[in-house]
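Presented below, as structure tokens, is a lone chain in the form predicted alone.
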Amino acid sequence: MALKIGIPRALYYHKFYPLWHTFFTELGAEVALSPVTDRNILKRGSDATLDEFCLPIKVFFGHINTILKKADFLFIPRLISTEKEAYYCPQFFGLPDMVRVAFPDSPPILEPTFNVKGKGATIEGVFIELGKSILKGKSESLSAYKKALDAQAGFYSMIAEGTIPPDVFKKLYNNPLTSVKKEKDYGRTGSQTTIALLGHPYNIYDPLVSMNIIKKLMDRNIRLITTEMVCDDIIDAEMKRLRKPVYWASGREIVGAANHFLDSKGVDGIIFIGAFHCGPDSLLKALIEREAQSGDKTALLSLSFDEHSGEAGMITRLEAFLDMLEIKKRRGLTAS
């Protein structure tokens, strides 16, 4: 009988799931994925954590709670650094330990440490050791890792072509998430409004955390661009303009994409989504808003959510922002 590896549908699941899913399934394991976030999952997470924790962390603990009895192992990697000069939130470092305290009867935790800044550390070596932890040999683990890399590369390729991550997951794994229209580029087309939706993947793509903003924008026939669709060359160029680098994981891409669209006029508006009680998000928000206030820039809406945020208030702000963009477009078309 295949081992069941529990993976919570939270945090960097939204970025690395193809890598993780492929690795474990290639080794003959079965992935037990938690369901789409709902209010019950959030409540479970809130009950298991401190009030000071941010909404994404509370959602993560809620997802852990839903799969405790459905898996032989829980997969909770220690994400420290997976790219040069960038680090994850310190709370991510201790997630396996916090889960043990919150759920003392949890199944064994697979907790590989991903830290490219460590001496002699390689991602390949981490995956080989991860395979050993479920009694798989080096050659098996190495083969599974290479196939997992191919799956992750395919995921990125589909995003680069204009498919938003929830649609990629739906196509590859039949995950019941919002379907979003595919666009191959982010140049403006006709009178359709184009929005750059920016933020950490766990803030944007989780329908509860984001208050289903993707569907709300779809219902208004908005054309979406996300952080992942902006190429590395653009991000690199924008980062060179800053006095100091952004050290938070995903933060570099978010700020780079925001600064690009603030100046390029390639979109009609920008929406940044962050979380209350999140230090990195507060920094990113400040950097983006400071740039937005310097000169004639693309319109920006910043939204921050926690478990107490009301959907009615968010809808009011969103609709006012979209109406303002529509008025600007009409004036621009009339003037031309």
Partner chain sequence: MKVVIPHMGQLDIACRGALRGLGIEVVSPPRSSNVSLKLGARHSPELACLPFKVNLGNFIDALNDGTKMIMTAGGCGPCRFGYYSILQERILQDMGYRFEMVRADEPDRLANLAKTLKDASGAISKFTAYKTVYFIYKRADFLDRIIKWGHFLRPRTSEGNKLSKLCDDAIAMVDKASSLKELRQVKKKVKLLFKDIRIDNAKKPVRLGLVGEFFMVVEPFANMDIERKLGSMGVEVTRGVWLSDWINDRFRFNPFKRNQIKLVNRIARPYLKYPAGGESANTIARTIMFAKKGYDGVIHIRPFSCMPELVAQKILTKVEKDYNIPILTLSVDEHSSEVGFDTRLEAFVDMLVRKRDKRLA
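Please read these numbers as outputs of a predicted model, since none were measured by experiment. Numbering follows the first chain given and starts at 1.
Not pictured, yet referred to below: the form predicted together with its partner chain.
Proximity of R100 to its partner chain in the model of the complex falls within the 4.5 Å heavy atom cutoff. Mapping the unseen interface onto this chain, V36 falls outside it, with no heavy atom inside 4.5 Å of its partner chain in the model of the complex. Its partner chain is not drawn, but in the model of the complex it has no heavy atom within 4.5 Å of S302.
Within 4.5 Å of any heavy atom of its partner chain in the model of the complex lies no heavy atom of F73. Q91 is the sole member of T163, T194, Q91, T82 with a non-hydrogen atom lying within 4.5 angstroms of its partner chain in the model of the complex.
Using a 4.5 angstroms heavy atom cutoff to its partner chain in the model of the complex, none of V168, K171 and F272 count as contacting. Screening 288 to 296, 64 to 72, 27 to 35, 264 to 272 for residues having heavy atoms within 4.5 Å of its partner chain in the model of the complex returns a single hit, 288 to 296. Shown here without its partner chain, the chain has no residue in 3 to 21 lying with a heavy atom within 4.5 Å of that partner in the model of the complex.
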